[in-house]
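In the structure tokens that follow, the same protein chain appears in two forms, which are kept apart as structure 1 and structure 2.
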Structure 1
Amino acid sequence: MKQYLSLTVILAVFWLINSGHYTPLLLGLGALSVLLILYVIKRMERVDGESEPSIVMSVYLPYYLFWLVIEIVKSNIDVVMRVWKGEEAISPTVFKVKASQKSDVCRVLYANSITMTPGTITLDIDGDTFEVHALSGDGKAGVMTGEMDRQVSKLES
């Protein structure tokens, strides 16, 4: 029950922040949307036996999102500089990296975080091994340091 309560609060706050409208009709529709999502999650538990992802309950999630935004901005700047410098600054490479996350949700979050960071794309996931394309050797080195892997893994604890 505690999980549903915290998920309800998170969904409601998210809806209110993104809506920006506080008329009775829209507040009612927002509440209805939250209830519908909770119903779907409950039905999904009956089918696959899993509950909502543990990362939703993580107090570390806001820190991770802030960290990811900073990484995206830094990568954007790097990609722009490489485009300005021309072909000699771009050396595409494909490599494999291991993921240390225990849950499928966190492995997917890690793969998507790599893809959201400009200059790198997750091409394939095979268990705990990701195939990644990087625009440059520096992009490869950034993924290979394992910092993003560690940040995502913190969401599981």
Structure 2
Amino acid sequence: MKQYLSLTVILAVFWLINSGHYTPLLLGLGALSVLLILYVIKRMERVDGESEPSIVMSVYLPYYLFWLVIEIVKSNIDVVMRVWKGEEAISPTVFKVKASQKSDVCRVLYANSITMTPGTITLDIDGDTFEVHALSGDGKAGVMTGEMDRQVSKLES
């Protein structure tokens, strides 16, 4: 029940942000569409414990996002240099890395963060082992230090 309530609030706020017209007719239509979506989601049986993950409440989340943006900028500059230098500047490697996160949400966040920083891409996930493709040895070294792993694990506590 708690999940449905928070879902209703999120959907209503999303509708209000996107609409911009606040006449009674349109507000009624908005309420109707929120109810319709709630019904569809109930039929799909997609509301479980993870529909409002606890990391959204974590105080570390803004800090983590800021850290991630800086990381993205750094690796972007690296990949741009390699693009203009051409083929001799790259040495693609494939390697495996362990993830220390417990919950699925944090594991997905870690895998997506690896993919989001240019130069490294998560190819496959098997339990807590990620197969990562890196554009160069530098990218491999960056993931192997486990800095990102520690930052994501902080969100879990």
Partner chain sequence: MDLFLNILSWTCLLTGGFLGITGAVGLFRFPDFFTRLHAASVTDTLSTILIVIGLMLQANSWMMIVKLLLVLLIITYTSPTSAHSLAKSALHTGLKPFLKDKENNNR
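Residue 1 is the first residue of structure 1, and the numbers go on in sequence order from there. Please read these numbers as outputs of a predicted model, since none were measured by experiment. Rigid core (definition): largest C-alpha set, two forms, superposition within 1.5 Å.
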query	finding
Of structures 1 and 2, the one that is the form predicted on its own	1
Flag for A141, CA shift 2 Å or larger between structure 1 and structure 2 after aligning core	no
C-alpha of L27 moved at least 2 Å between structure 1 and structure 2 on rigid core	yes
Distance moved by the I10 C-alpha between structure 1 and structure 2 (core-aligned, Å)	8.4
